[in-house]
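This document starts with one chain, in the form predicted on its own, laid out as structure tokens.
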Amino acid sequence: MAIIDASNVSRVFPMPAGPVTAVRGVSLTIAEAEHTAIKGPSGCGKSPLLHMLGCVDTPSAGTLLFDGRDVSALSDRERSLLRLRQIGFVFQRFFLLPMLTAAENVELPQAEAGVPPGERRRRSRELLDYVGLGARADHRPSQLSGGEMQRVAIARALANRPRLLLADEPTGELDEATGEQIAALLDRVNADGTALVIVTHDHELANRARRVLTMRDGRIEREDTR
């Protein structure tokens, strides 16, 4: 079953010198529990495409359905709730709140979703154990390494049990050994049933996916599966 069905989607950004087309007529589906990587050079449209898949942005043309619903027809509030409850995001720079502990950072999206305090505390501890940081739950980001912060960010992204996890250059700020640990954790998240889409420049990280899409000039120029 498809979570996302994108048909001929494009994304055009208005600029002072004239409109810039970042994504050009892309069609793809993302199925339940699928593992997809999107790679290509800087400026090829990977991140704008990911933002559309994550319902952060809407297509300038074409149709994108999330679970059969046309994302462009949803209100801002409906898209916000969809992202909160159905989609997790992991970024290159972690974006943890520095004044909160690891556990409190993981609790935050649950609080926004209305999860009762006791339940969200249990869920946060469970997720930090899952990513191997149960002993660091009460540490703030400044007390964590880069790899630990990224693992907290992954736990936070999983807090509301999303069907889809989107990761934008998740190992880009990490050394090779730490990046391998994060890649293995993302593999585990996918193996446990969450659909995973990773945008990356890293060919080795991309090749861990079962499907690799190569973008150039806003288009998918190649698709490889294994």
Partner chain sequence: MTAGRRALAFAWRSLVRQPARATLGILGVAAVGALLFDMLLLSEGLVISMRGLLDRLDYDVRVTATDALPGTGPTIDGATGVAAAAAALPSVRSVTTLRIADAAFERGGLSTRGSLQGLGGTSTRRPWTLLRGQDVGGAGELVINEAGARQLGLGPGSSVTVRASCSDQREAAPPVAFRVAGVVAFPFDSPELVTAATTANSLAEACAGLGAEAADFLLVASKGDPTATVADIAALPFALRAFTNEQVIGRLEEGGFTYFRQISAVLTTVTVSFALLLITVLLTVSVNQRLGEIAALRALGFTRARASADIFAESALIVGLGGLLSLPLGVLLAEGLDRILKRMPGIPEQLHFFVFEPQALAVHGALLAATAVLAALYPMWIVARLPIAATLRNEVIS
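Source: prediction; values computed, not measured. Numbering follows the first chain given and starts at 1.
Same protein, other form: the form predicted together with its partner chain, not shown, and the subject of what follows.
A.B. asks: Would you kindly say which of 96, 131, 137, 71 lies with a heavy atom within 4.5 Å of its partner chain in the model of the complex?
C.D. replies: If I apply the 4.5 Å criterion carefully, the residue I get is 96.
A.B. asks: Taking 4.5 angstroms as the cut-off for heavy atoms, does residue 108 touch its partner chain in the model of the complex?
C.D. replies: Although its partner chain is absent here, residue 108 would touch it in the model of the complex, with heavy atoms inside 4.5 Å.
A.B. asks: Using 4.5 Å between non-hydrogen atoms, is residue 201 touching its partner chain in the model of the complex?
C.D. replies: No, residue 201 sits far enough from its partner chain in the model of the complex that none of its heavy atoms falls within 4.5 Å.
A.B. asks: Taking heavy atoms and a 4.5 Å cut-off, does residue 65 contact its partner chain in the model of the complex?
C.D. replies: Heavy-atom contact with its partner chain at 4.5 Å: absent for residue 65.
A.B. asks: Is residue 163 one of the residues lying within 4.5 Å of its partner chain in the model of the complex, judged by heavy atom distances?
C.D. replies: So residue 163 does not count as contacting its partner chain.
A.B. asks: With the partner removed from view, which of 24 to 32, 178 to 186, 52 to 60, 191 to 199 is the stretch that lies within 4.5 Å of its partner chain in the model of the complex, judged by heavy atom distances?
C.D. replies: Among the candidates, contact is made by 52 to 60.
A.B. asks: Using a 4.5 Å cut-off on heavy atoms, which residues of 71 to 90 contact its partner chain in the model of the complex?
C.D. replies: Residues within 4.5 Å: 76, 77, 80, 81, 83, 84, 89.
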